[in-house]
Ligand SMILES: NC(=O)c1ccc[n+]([C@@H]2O[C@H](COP(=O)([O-])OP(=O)(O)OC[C@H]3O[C@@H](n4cnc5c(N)ncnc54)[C@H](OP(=O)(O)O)[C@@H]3O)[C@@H](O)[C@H]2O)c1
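Take a look at this one chain, the form predicted on its own, written out in structure tokens.
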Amino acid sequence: MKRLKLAASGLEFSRMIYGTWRLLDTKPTAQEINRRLHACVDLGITTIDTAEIYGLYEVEQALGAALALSPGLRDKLEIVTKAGIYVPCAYHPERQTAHYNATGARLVKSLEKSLRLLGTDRVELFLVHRPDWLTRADDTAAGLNQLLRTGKIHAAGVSNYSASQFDLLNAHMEKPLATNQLEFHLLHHDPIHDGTFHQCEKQGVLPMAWSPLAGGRLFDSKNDAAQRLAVTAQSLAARYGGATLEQLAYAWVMAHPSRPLPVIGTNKLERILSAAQADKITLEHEDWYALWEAAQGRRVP
């Protein structure tokens, strides 16, 4: 697995990232999660993406329990976590309305809770999960800068920020923001057109791509785009060692010149293994656009 450096942060992340949004869907034991993390490390997927809200605030604790089973495993990983989304749930019955909160004080409190649940004294990267329309950028930055100074986070970044929101927050940071985690896949091309990928490339910031398989819609036989993509992938497979649509979809994301890091979302070891093979695929220009045309259902303009 290739490794890439996140701009001025000095951090090196694995080319592909293991995401934990749906980690608890199959109700795994701590031992099962531990085995999955070891399998990722064996494949060179050492960067783990999580968030305070994942599993309605239960995923980080589950990860912490799994990490505790193998002393030394945590030090082989780069942990990314996020905060800023707060919703009513059994874990927080006092909340009445889902909301964003990116005030510095709230982010500090959330990160400190994440460290406690994960059983670690720092995370490599901490992201503001969503823009908060009611918080000034200098307030958000004050919390992130405090965490950077204390060493509780090695770098800070954002998720789902527009180019202008990224610029505004970055202007108040003592260390430049390290990434912007964005939705990007064959059925969602917005970062190519809205300036966010251009901004990342200009600043040398490596974006992260969440939902690189469109939440499974790429394989929905009732989806017209998925049907076209299946045909196109089959026509390209022999050129790339029998690559599957899933592998080609990851390769398509990684081929963009801003060099997005796709976040893998599966709980199945065999699919993690399969996904890792996409790191070896370099799509030809024509084939990348062939997949674009299949996804769009029209010719390149």
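Since this is a predicted model, take the numbers as computed values, not measurements. Residue indices: 1-based, along the sequence shown.
What follows is about the form predicted together with the named molecule, which we do not show.
Exactly one of the stretches 259 to 267, 63 to 71, 234 to 242, 38 to 46 approaches the named molecule in the predicted complex with heavy atoms within 4.5 Å, and it is 259 to 267. When the named molecule is considered in the predicted complex, only one residue from S159, T135, N170, T196 comes within 4.5 Å through any heavy atom, namely S159. A heavy atom within 4.5 Å of the named molecule in the predicted complex is found for one listed residue only; from A83, L213, L115, V205, this is L213.
Taking non-hydrogen atoms only, R106 never approaches the named molecule to within 4.5 angstroms in the predicted complex.
Using a 4.5 angstroms threshold between heavy atoms, R130 counts as touching the named molecule in the predicted complex. At the 4.5 Å threshold, heavy atoms of F219 reach the named molecule in the predicted complex. The closest non-hydrogen atom of W292 lies beyond 4.5 Å of the named molecule in the predicted complex. In the predicted complex, the named molecule lies within 4.5 angstroms of at least one heavy atom of each of the following residues of 1 to 38: G19, T20, W21, R22, in sequence order.
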